[in-house]
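Consider the single chain below, provided in structure tokens and representing the form predicted alone.
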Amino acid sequence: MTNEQNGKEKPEPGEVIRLSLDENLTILRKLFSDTPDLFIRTFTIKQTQEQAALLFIDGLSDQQAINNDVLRPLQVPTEAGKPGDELMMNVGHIVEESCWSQIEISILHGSSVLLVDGRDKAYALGTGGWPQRAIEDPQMEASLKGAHQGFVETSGQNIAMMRRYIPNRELKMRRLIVGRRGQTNVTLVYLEDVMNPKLLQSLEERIQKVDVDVILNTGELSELIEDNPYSLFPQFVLTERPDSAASQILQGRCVVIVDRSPSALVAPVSFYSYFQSIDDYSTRWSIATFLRLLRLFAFITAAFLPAFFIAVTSFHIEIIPLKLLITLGDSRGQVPFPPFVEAIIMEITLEMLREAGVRLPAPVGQTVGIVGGIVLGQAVVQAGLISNVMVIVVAFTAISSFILPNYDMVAAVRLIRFILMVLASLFGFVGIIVGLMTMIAHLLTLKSLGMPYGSPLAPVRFADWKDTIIRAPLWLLNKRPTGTLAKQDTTQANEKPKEGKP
């Protein structure tokens, strides 16, 4: 009985396919109405003399593979068989489907589907061949000594790159499906003998509870599963680098790869994870430690310097040395605005230039950023609207924010800076101290996948201090972070070579 006889326009979820090929094609055309890129090729299988139809979407399936590996073997005359015999095809991935919902998913994910008259099952063939770009150098995480390979929009390639860095049988994966309309493959990658099972279970449960139409990129998933969505601070690290992701897996963390997204999510993380770079492990430990301290200083400067300047010039002039006070007086003598208004004008102008440089094509964006900053800075100073010292403060703040290696943390600092500027303009140093104490209290209560965000400083874990703000020599990093690991394998093979031995 056809769908028209049943009075249904489309098959119900879970409804099985029919034995009649004509009925199945009628249902299929109703299921994929107004879909001109759906190709239906009918032919006769030479081996069994059965009527068949091959279905695929143009652009999502590899037509060369379909012609060479599916159609040609089925249409080449061979020894006579009987209907129902096994079909001979040169496709490595073949899945038998019996309900329309699974057939629909297979077609929309790039597989070609073979329907055979007289058989109540369909064959989903792995002939996907959607458009994809080549592996390139990561754009957001440049590296001097690291690999020049970045994640792409295909999860299969991303997982293959992860396996190249960790060719070990303990590297396990769990695949989840997220989304109602566009079902997205989400893969959890971890080391089974290292990853804390409770953290892995918590992450898996959070992802399974996500109820959306579709996940388009990793950033959306991050916001939907984080512990505190109202916090300004990011609670997961997003990375474009497979070597960085592999390093996090070896430390006992889990990497989440979202299909169609060129970045991976790392969980759980701490506040100090955002000041670390993959290059830290490729340079000498003393240089890496200096760079991490420099990044922490840049974070403090980018967040507090404009607020500090506003508080000093508005409430606490007495702490300024006399010669410097005279210089500030000469600079601000003709400025009609208070320091807070000056800072707001310059900071908003800087943010506009930053966004303009990002949205425009790369050559034009760099020109706009450089020329715009020089021209506007010189013009507002000559017009007497902004003081020279304020331009220096804002420029130094911008340079400090550029030092931070993680974009999400940079975005958080940009918002925190405005909050502290408002507090400084209202209460001076008292406002800055209140803002600082509030931020520290928030960081101490924040969690990433249930783990303390301030670890290993709060709670204190002295054993993990060797790879936080400082980076100890590699041969001393022989223990994984204790706050994120199971008890099975907490030792890293980073022993210092002994003299006289290779």
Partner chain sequence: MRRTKTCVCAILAAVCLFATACSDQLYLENAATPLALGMDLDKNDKFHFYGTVPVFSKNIRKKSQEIAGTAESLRQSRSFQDAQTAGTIQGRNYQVILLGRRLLQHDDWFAMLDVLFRDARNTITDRMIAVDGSVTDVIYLNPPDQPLLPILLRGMVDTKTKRSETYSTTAQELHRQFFDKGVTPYIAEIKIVNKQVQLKGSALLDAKGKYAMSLNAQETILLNLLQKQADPGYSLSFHIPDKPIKPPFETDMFSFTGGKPKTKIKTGYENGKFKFDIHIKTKIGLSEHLFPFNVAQDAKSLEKQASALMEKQIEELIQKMQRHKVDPIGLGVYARAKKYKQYIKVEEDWPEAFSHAEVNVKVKLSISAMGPVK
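Positions refer to the first chain, counted from 1. Remember, predicted model here, so these are calculated numbers, not experimental data.
Below: the form predicted in complex with the partner chain, not depicted.
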> Pick from 316, 72, 209, 175: which residue has any heavy atom within 4.5 angstroms of the partner chain in the predicted complex?
Replying inline: 316
> So which of 214, 140, 422, 76 reaches within 4.5 angstroms of the partner chain in the predicted complex, heavy atom to heavy atom?
Replying inline: 422
> Looking in the predicted complex, is the partner chain within 4.5 Å of a heavy atom from each of 322, 337 and 427?
Replying inline: yes
> Even though the partner chain is not shown here, does residue 328 get within 4.5 Å of it in the predicted complex, heavy atoms only?
Replying inline: yes
> Is there a heavy atom of residue 333 no more than 4.5 Å from a heavy atom of the partner chain in the predicted complex?
Replying inline: yes
> Quick one: which of 176 to 184, 398 to 406, 338 to 346, 151 to 159 gets within 4.5 Å of the partner chain in the predicted complex, going by heavy atoms?
Replying inline: 338 to 346
> Considering only 149 to 187, what residues come within 4.5 Å of the partner chain in the predicted complex, judged by heavy atoms?
Replying inline: none
